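Next up: a single chain in structure tokens, the form predicted on its own.
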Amino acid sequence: MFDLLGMGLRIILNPSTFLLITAGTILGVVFGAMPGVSASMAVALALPFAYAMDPVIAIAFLVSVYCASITGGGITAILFKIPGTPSSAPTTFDGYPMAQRGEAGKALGFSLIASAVGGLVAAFAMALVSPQLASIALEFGPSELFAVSFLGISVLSCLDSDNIVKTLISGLIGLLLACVGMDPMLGISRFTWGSSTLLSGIEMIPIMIGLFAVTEVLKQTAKSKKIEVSDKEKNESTKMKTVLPSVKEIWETKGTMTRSSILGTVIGILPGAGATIASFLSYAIEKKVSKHPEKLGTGIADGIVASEAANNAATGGSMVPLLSLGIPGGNAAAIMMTALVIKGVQIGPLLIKTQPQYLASVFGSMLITNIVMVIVAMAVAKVFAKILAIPYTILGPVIVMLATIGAYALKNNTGDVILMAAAGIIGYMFVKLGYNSAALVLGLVLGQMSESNFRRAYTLANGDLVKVFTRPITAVLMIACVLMLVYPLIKYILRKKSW
């Protein structure tokens, strides 16, 4: 590991490489903070710049864009309740309420520190146990990946413990929406009603922009007497600057920080999972294990830390199978792999032994990026925060305009704009009726992964369900699912007995 660290530092501390990594970090934070630009899209947009670079430097540059874009997504999630990237959606649960209380600077500070810690944990995990972790990931077949996605579904009830039935219904609606599009096994269209937009399934980004950004504008607009930002809020926003938490405050979140960083790294390693699932799972698990679960969602640091530490750790985790086995852990990793292959790099198990400079370069880039991005994101957040001083009668339409551009820019398709608008209206109805938009997003994220992996596992087992569920890792994960599902009931019974 120390040889790798030395090699990585020699590569990235070259002045020109360091400048490129810093530029990649700035690009990543700005791209990540823009609604509609996912982390994989940010890497794709940065790809042309990498073509002219040496392959070792190019991978370091792209990794810096990838990591920083995930962090950038948290800025608008906290300030405007618009998740810059899908993985930042859970950050809105506690970040936005904190910003509404005039604690936006503090929320951003926790977000940046958690992102940096999560990224650094994943970087060290990658350098220390990359081959071993990749071997474990290879054991994950369709049935294990189904169990992981079912674990995510089983924690739906944690998203709103006061309204479990409506939360589960919201999640089921998300699962139903995930069925729209081409059948993953048979290749026939389902629930598309002849629409070409729906053939590729329901895109998550327009849905998320609609559910979070448009819904929030509709909510504020409905409050006819409260649309204008108060003088106090204006003063707070113009003075707003990112406030890094004290050592004591960070220490108080040590449990959340550790759990979320480890979980994010592990989820990131699994092919097809990724930062979005990591952040949702981490937040839901935090609600299960927290000593004060009722406070999550009201604007506390633990909620921000759980989401941001996990999604940043997942970025490092996704690089493990890519560099160890040549298997991309997510879309952004796949784009990076393409760039390396075009450069003539032979990705695969021998890469670590024959060309360790690539792993060293990624390791060094992640170390530097996770430190530099704290400074960069503080500056970017300050610029974005000034927007909070604009009266909401102007800011609301501007948010809708940006949301529309973000949805349209995804595929230059007006169908995605219609999806976003419909999601905004549905989100507003959800708020009024007490349903949970986040559960719908989680169902949509996990639906396709659950269905396709279960059907593959079922086919491989020749229709024998016992074979599907008795594989060791699957069995352990399914037991964990059952425990999570019955935990609220056990808790209720124990509480009743104590009376």
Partner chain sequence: MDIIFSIALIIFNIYCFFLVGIESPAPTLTELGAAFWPRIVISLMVILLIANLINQLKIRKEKTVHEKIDIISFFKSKLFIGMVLVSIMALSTPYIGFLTSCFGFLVTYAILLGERNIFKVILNSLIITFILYIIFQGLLDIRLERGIGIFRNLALFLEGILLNIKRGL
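Numbering follows the first chain given and starts at 1. In this text, all values refer to a predicted model and were calculated from it rather than measured experimentally.
From this point on, the text means the form predicted together with the partner chain, which you will not see here.
Taking Lys166, Lys295, Lys343, Arg101 one by one, only a single residue has any non-hydrogen atom within 4.5 Å of the partner chain in the predicted bound form, and it is Lys166. Of the residues Phe140, Tyr358, Phe384, Tyr428, just one reaches the partner chain in the predicted bound form with a heavy atom at 4.5 Å or closer; this is Tyr428. In the predicted bound form, the partner chain sits beyond 4.5 Å of every heavy atom of Phe469. Under a 4.5 angstroms non-hydrogen atom cutoff, the partner chain in the predicted bound form lacks Ala284 among its neighbouring residues.
In the predicted bound form, Ala409 approaches the partner chain with a heavy atom inside 4.5 Å.
Among heavy atoms of Ala334, none comes within 4.5 Å of the partner chain in the predicted bound form.
Heavy atoms within 4.5 Å of the partner chain in the predicted bound form map, among the stretches 104 to 112, 306 to 314, 190 to 198, 250 to 258, onto 190 to 198 alone. Annotation for 438 to 459: interface residues with the partner chain in the predicted bound form are Gly447, Ser450, Glu451, Phe454, Arg455, Tyr458, Thr459 [heavy atom within 4.5 Å].
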